[in-house]
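Just the one chain here, the form predicted on its own, laid out as structure tokens.
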Amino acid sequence: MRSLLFIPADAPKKLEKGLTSGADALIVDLEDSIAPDRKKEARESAASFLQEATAKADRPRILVRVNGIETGLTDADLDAVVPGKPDAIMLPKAVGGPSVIHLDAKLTAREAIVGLPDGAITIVALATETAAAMFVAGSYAGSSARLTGLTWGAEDLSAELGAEANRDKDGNFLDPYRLARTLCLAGAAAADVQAIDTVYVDFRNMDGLRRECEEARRDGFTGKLAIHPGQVPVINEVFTPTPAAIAKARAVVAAFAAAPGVGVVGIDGVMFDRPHFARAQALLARAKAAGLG
């Protein structure tokens, strides 16, 4: 998933438009974008949308961001949306692997009730969105076979820290949030799941968005959250491997295939080792997922 677009669950027209936004995934949001007195209506709207949207053959992946486990609202959220067969649940304010294990158990019970295969619904966790989560970012590895991605959030973290800002005057993240970003990236690598960068809130600033996407891709993230449909084309473009990158990756894979058992190969005077081989394979997998063969 290159682009994951947040849409409030109580906005049916926006949800319907989201299906044709070009986003790889829609995140039907039951958490931060929903006022406390609108939770029930939002669940009903999400359930109705899922029943229709998940039956479509040509559609983006559909995730539902439920309310965090500590709120006491997660069970009601899952009861409403699991019958609609979402592709994944996004778990906010996760505190390491134990939070994922807890959600896994809740999903297992509900899948059995509605007749879904065990593990049909995967999990994407907001891994470093709270202060406590920062200390356990390495505990996601092995927590659940359902876990497919980790992302992070600067807005809730800055509120919890009592910060005046999370970015500097040039729009760059300040040190506490760069640490959260790094821990998310490392946690995803340790768990062997996708690392997804956080939202860029200045949604009219496409140059800033592009710069942040390129920095995220450079560092190892393979997708980014979006808060506006207008951000989707830029995110998709940046996180889609270029023809030149694909050609280089194919050359590396072919060189290792031609010399099985070696640890290093040379291509045009440049040496490539096994980490380069693994990186090339991962890039080609992303290219295939993007429909580039």
Ligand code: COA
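All values derive from a computational prediction rather than experimental measurement. In this text, residue numbers run from 1 along the sequence as written.
We do not show the form predicted in complex with coenzyme A (COA), though everything after this point is about it.
Single option in 255, 227, 69, 53 placed near coenzyme A (COA) in the model of the complex, where near means a heavy atom within 4.5 Å
Contact check passes for 227.
Give a yes/no on whether residue 169 approaches coenzyme A (COA) to within 4.5 Å in the model of the complex, heavy atoms considered.
Taking the distances in the model of the complex, the answer for residue 169 is no, it never comes within 4.5 Å of coenzyme A (COA).
Contact test in the model of the complex: residue 279 vs coenzyme A (COA), heavy atoms, 4.5 Å
So residue 279 does not count as contacting coenzyme A (COA).
How about residue 218: is it within 4.5 Å of coenzyme A (COA) in the model of the complex, going by heavy atoms?
Contact check for residue 218: no, nothing within 4.5 Å of coenzyme A (COA) in the model of the complex.
Could you confirm whether residue 65 comes within 4.5 Å of coenzyme A (COA) in the model of the complex, counting heavy atoms only?
Flag for residue 65 set to yes.
Which single stretch, out of 74-82, 197-205, 169-177, 98-106, brings residue heavy atoms within 4.5 Å of coenzyme A (COA) in the model of the complex?
Among the listed stretches, the partner-contacting one is 197-205.
Which of the residues spanning 2-38 lie within 4.5 Å of coenzyme A (COA) in the model of the complex, based on heavy atoms?
Contacts from 2-38: 5, 6, 7, 8, 13, 14, 17, 18, 29, 33.
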